[in-house]
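Just one chain is shown here, as C-alpha cells, and it is the form predicted alone.
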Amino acid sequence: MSDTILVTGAAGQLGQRVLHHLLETYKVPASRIIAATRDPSKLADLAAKGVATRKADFDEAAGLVSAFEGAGTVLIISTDALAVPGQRLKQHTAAVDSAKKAGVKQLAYTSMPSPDKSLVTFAPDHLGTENTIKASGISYTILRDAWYFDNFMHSLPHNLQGGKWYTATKGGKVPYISREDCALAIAATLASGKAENKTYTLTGSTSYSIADVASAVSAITSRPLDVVDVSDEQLSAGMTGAGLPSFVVEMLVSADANIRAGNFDSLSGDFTTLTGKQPQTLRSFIEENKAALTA
C-alpha cells in the first residue's frame, strides 16, 4: 500500500490547515503528500515546499481517477456545493467511486455529528456519503466535525454593532470546536496511517448556548450583546430581508432548529484521543479574534 496522502479541497480553509499540520506538526515528508483542488495554481506555496499538486474537480468525474492515482489515503473534504439539492452528494459519490477505481486503500471524510437524526438541510449529503464510503469496501475514517466557533465570525461583528443577536435556538447547546482543532485532529488520523473503519466526532469540551456565547463575547469586547429569541419564521424573514440567498436562509434556520432540538448537544473526547491535546475554549477563541469582532 502506498503511504502517500492526498488531500482534496487543498485550497480551502480546512484543507490548508490540514496540510499545514501534516507538514509542520506531524512532520510528514512533503514527498508523501499530494494537494488537490479545482485550480492547482492556488497551491504554488505548497508546490514550493515539494508537495505534489493536482487538479481534482468533483464535477468532472472522468478526471478524478487519474487525480487519485498513486495515493494510498485520500481525504475527501466535503464540498461547498449547497445551492443545488443533491449536487454535493453526487460530487462525493463520484469521488468515492473514483478512489476505488484508482486503487485507494484508505478514505477519510469530513462529516457532521449525527447526520442520521439531524434537521440541518445538508445532513442527508453527509449521511449518504458516509453510507457510500462504507459500501465501497475501502477502509475508512469518518470525522464528524461539530459546528465551528469560526462560523460565528460571519455574523457576530454585525450583531455586536447592533447589540442584538436574533436566534431560534431557545437555549439549545452545542459543543463548538474551532476549525483549527478539527484540522489538527484530521491531520493526526492521516499521519497515523491506520486503516481502522472508525468514526470520530470532533467536539469541544463544553456545550454552550447562544446566551453563553453572547455573554462571553460581551465580557471580552466590553460591548453589550442581547440575545433575542425569535421563531423560525421570524428568523427566516429577517435573513431574507437582509438579502441572504434562500438556500442559506433555509440552512441557517434548520441549524437553529437542530440546536433547539438538542441534536448537536453531545460531547466527545475523540479530539483528545486523536491529538493528546485539549480543544480550544470559547473564551480563548473570542480573545484570539477580538480585533476582527470589533473592527
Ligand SMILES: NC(=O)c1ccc[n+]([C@@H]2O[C@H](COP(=O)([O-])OP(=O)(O)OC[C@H]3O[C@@H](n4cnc5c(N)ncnc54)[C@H](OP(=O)(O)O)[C@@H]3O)[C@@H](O)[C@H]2O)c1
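In this text, residue numbers run from 1 along the sequence as written. Since the structure is predicted, the reported quantities are computational estimates derived from the model, not experimental observations.
This protein has a second form, the form predicted in complex with this ligand, left out of what is shown; the following refers to that one.
None of 240-248, 227-235, 33-41, 254-262 except one has non-hydrogen atoms within 4.5 angstroms of this ligand in the predicted bound form; the exception is 33-41. Note on contacts: among Y166, W147, Y208, Y140, the single residue with a heavy atom within 4.5 Å of this ligand in the predicted bound form is W147.
Taking a 4.5 Å heavy atom cutoff to this ligand in the predicted bound form, the contact residue among T79, T132, S98, S114 is T79. In the predicted bound form, this ligand stays beyond 4.5 Å of every heavy atom belonging to K173. At the 4.5 Å threshold, heavy atoms of L22 stay clear of this ligand in the predicted bound form, well away from it.
Under a 4.5 angstroms non-hydrogen atom cutoff, this ligand in the predicted bound form has G9 among its neighbouring residues. Looking at S218, you'd find every heavy atom of it more than 4.5 angstroms from this ligand in the predicted bound form.
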